[in-house]
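Okay, here we've got a single chain as structure tokens, the form predicted on its own, with questions on binding and movement later.
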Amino acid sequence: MNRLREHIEEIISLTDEEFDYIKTFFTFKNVRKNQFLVHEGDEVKFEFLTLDGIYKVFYIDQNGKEHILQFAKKDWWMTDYIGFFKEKNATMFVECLQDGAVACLTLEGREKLASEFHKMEYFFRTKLTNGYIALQQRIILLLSSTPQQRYEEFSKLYPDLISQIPKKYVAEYLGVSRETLSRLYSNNK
């Protein structure tokens, strides 16, 4: 509960009474390594706030190749947003890479909180805006940079993830082969 409040209060301030009400909209779940929070084809019931652990959001194309859209660590939000907001079945997966915990929020709960508390509407809008900016930056980086530049940017932005995520996943995220990643890693030591 304290982590949830701290996370929200990074953007807005809350009274004890407001937080007591807000926390009723969240459920909490411990997650084991290799456990799926979202599985392709299933209903997307929750948006997740990462309290602990590391997760990957990915999809598998028609050729069976995995494509990682996002890693999520402490204080990051994640889900299959198309399925969540459009209330459709998942086209993606969310998998736990390291034992952790998440706070779960339904779309109905999110909408109710946003309509009842302008502060929470501002919080969600700020988080969504920051996520959209990060997504655009990632797309631009993928489209206009070399593998070396992508690796350097990832290492600069997420130095803790480089050592905690299996190299094959980092390679998938950067859009390079495992061999290329090994060369990039060696060149940056």
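Here the structure is a predicted model, which means the values were calculated and not measured. Note that residue numbering follows the sequence shown and begins at 1.
Keep in mind the form predicted in complex with another copy of the chain is missing from the figure; the text below concerns it.
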property: Site check Tyr21, Phe26 and Lys45: each within 4.5 Å of another copy of the chain in the predicted complex by heavy atom; result: no
property: One stretch from 48 to 56, 159 to 167, 27 to 35, 129 to 137 that, in the predicted complex, holds residues within 4.5 Å of another copy of the chain by heavy atom; result: 129 to 137
property: Phe117: touches another copy of the chain in the predicted complex, heavy atom cutoff 4.5 angstroms; result: yes
property: 4.5 Å heavy atom contact, Trp76 to another copy of the chain in the predicted complex; result: no
property: Another copy of the chain contact at Ile60 in the predicted complex, heavy atom, 4.5 Å; result: no
property: Glu111 within 4.5 Å of another copy of the chain in the predicted complex, heavy atoms; result: yes
property: Heavy atom contacts to another copy of the chain in the predicted complex at 4.5 Å, residues of 79 to 95 in sequence order; result: Tyr81, Ile82, Phe85, Lys86, Met92
